[in-house]
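Starting off, we have a lone chain in the form predicted alone, written out as structure tokens.
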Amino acid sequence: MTRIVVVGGGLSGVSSALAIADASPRDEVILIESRAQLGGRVSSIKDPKSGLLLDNCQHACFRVYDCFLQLISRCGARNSIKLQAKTDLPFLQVGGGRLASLSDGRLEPPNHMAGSMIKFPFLSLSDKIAMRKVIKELSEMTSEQMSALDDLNFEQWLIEKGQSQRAIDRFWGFFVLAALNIPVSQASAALSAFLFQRGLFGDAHAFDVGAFTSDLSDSLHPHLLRTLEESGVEVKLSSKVNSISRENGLEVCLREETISCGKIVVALPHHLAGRLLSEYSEVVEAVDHLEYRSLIGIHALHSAEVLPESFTFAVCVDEPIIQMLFNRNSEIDEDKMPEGVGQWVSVPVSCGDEWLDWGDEQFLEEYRRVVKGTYPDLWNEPDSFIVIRSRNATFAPLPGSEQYRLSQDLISKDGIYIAGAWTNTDWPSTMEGAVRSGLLAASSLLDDNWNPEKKWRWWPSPPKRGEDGWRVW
């Protein structure tokens, strides 16, 4: 029996601990988390004024998130998510109120959205003709060809491929900003190409959107905790690891105790991993070169409907701040809605660094301009308007950053493994990237040689369209 300590209770740490416990039940697994709940940056906070649990930012998953959905299924949390029956991505003309969707049709990928793309009113015919060649090139690109693009920003690559600024702003740039949390002008062309090939132009079902049916912490924490404990993992919450020592064998040092162990998985954001592993120059160098980008989450609670009842979510065309509107009433189970709230609108502000110092009233002015200007007959002032700022939300996939995304087994010679969405998963900093990193670390620790293009074999398969047991949004 080996005692294994996992440091960090975010999705990467939970995935790693559970994967090890499932695959090697003889080992003793201890998971240590500094907060009082699991989930890491996919979590909710308690608003001090209203007492409501509010997500730190609007989160959505996609059917292409195979490993994340495997984790959800493994933890018996299927009711926590509703998935679209087919891809439907609405775009909203602010002020005019026109809605148009990109949706999948009968053609095979990468042309499965061609029907809706032809009718899409926010791009010109010349935009669409030019986009066809780029879509074909992205869908046929090899992993080696993608990697060769890492030193370019994606906007530069798109311009070289003849894409108009309108197409970049209204199509390519939106998906990059929403998925990679970085403007297209700053994003690695390699990771951007991966996003479109694997997501939008991959399987026809890949971009089916999933919504959480309660706040994030309620959707995840109790299910993760129960499953870990049932699997024999000892979970230590509200416990901070101060250091790791190798003087007398591997030891994890907390304020209240020191735990001797055979192996360690450090599943932390990169700046915290760098502090804990400061004796390893490779880790320190990577941390010095990687950057963060912020997320801002806006919650507007109205006493009456302010968006049409049929409204689920929409991209706000040409809006830099109020980038999307989500009708939480369409997502949250009725018994989870706060009493007295007629409609709950959530707004994610991706890469919100330049607005972090804005006051709440400035965000309210922008929100009022967009929503009232689009649906004036429905407008009523929100009873509560809460802005949540997360400065270190995701690592920044800048050009050249891939070389600093470390392998999970980089320092395995010392019995230490690394996990986190910032490590080398080939995925952006998403829930899927975090879970994959935990599984890759577990695979290395177990000497399992897992191929991440295949499912994690100890967990249930991810859901296909129409599969029983998964809710529909």
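All residue numbers refer to positions in the sequence shown, first residue = 1. Everything numeric in this text was worked out from a predicted model, so none of it was measured.
Although not depicted, the form predicted in complex with a small molecule is the subject of the following passage.
For the marked spot (E33, A393 and M431), a heavy atom within 4.5 Å of the small molecule in the model of the complex is present in each of the three residues. A heavy atom within 4.5 Å of the small molecule in the model of the complex is found for one listed residue only; from C57, C67, L445, V29, this is C57.
Interface residue among S239, S214, Q84, T227 relative to the small molecule in the model of the complex, by the heavy atom within 4.5 Å criterion: S239. Look at 267-275, 331-339, 75-83, 105-113: in the model of the complex, residues with non-hydrogen atoms within 4.5 angstroms of the small molecule sit in 267-275. The small molecule is not drawn, but in the model of the complex it has no heavy atom within 4.5 Å of I4.
Using a 4.5 Å cutoff between non-hydrogen atoms, S16 does not count as a contact of the small molecule in the model of the complex. Proximity of L410 to the small molecule in the model of the complex: non-hydrogen atoms within 4.5 Å are absent; the residue sits far from the partner.
The small molecule is not drawn, but in the model of the complex it has a heavy atom within 4.5 Å of V42.
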